[in-house]
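One chain follows as structure tokens, the form predicted on its own.
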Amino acid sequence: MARYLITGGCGFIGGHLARALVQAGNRVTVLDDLSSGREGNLPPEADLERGCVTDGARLAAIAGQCDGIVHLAAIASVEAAAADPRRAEAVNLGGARNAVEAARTEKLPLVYASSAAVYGDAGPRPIAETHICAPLSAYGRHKLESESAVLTLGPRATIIRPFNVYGPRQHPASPYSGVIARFISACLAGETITVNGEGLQSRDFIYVGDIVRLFLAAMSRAPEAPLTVNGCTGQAISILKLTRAIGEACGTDLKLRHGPARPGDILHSRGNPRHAHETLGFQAEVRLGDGLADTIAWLREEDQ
């Protein structure tokens, strides 16, 4: 039995990962300031330490009692980053550097949650990890700079670049919530869904259960060399087609309107999953239709 530290473990992905680790017989300590995460996302067996990753001494002290670190904590909201850019940089960049130092001091493996945002707008073709990174947002730049710090750990470093993760426990009211949760919530409430622009922008959506399996595979790998992999399906769907799929899955009449295109919005984001499959044996298994059904069922239960 091992003990793992998950920073940002009260968030959407972190909560699912904590549950999977506990179910596998491990112990989990979570460091989270609950600024966006929810304590209810954690399994009761997990130990919660309330605090921020900007506190390097606190992070290091907790890491010293663990066998590995998964660094998920970040400010991903564009609005939050714009409102307080210094805070966003301190959490995203400073927090990652603190996690790296803790891993280096304690000689621990570190799995770092980066983002597909590091690629920027790379076009409709599947993006491999070797593609030139040209982030369009401060968040993407923070992630790319943090990757450089993580790689200094050498073989103990694993970087995962998740694409658009969705699934149960992604709360639609959160500014960090993905488009699927927000669209499903609006559809179930009979509200009008607003699509930015023509809705032809496309995304690679991966179910949270699949992304958790990828993190677990990364955590158990032999540390032979640093590794960077995409967390994706290799398939993309346009936002317009997504809204129609959600309407059909909800079994309701979809109310849709087109708003102005969002400035700086990435037109296409689709990952190449080959490297993750070759190095970690990972392949996404949940089809979008099945994932939507699970997410809809959870949101319906939440509304009762």
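Counting begins at 1, following the sequence as shown. Remember, predicted model here, so these are calculated numbers, not experimental data.
The protein also exists as the form predicted together with a small molecule; that form is not presented, and the subsequent description refers to it.
Though the small molecule is absent from this view, in the predicted complex it lies within 4.5 Å of a heavy atom of just one residue from Y207, Y139, F183, Y119, which is Y139. The single contact residue among I246, C52, I62, A236, judged by any heavy atom lying within 4.5 Å of the small molecule in the predicted complex, is C52.
Shown alone here, R97 lies farther than 4.5 Å from the small molecule in the predicted complex, counting heavy atoms only. Looking at I13, you'd find a heavy atom of it within 4.5 angstroms of the small molecule in the predicted complex.
Within 4.5 Å of any heavy atom of the small molecule in the predicted complex lies no heavy atom of D47.
The shortest heavy atom separation between T252 and the small molecule in the predicted complex exceeds 4.5 Å. Only one listed stretch (158-166, 218-226, 119-127, 144-152) carries heavy atoms within 4.5 Å of the small molecule in the predicted complex, and that stretch is 158-166. For the three marked residues, T29, I69 and T105, no heavy atom of any sits within 4.5 Å of the small molecule in the predicted complex.
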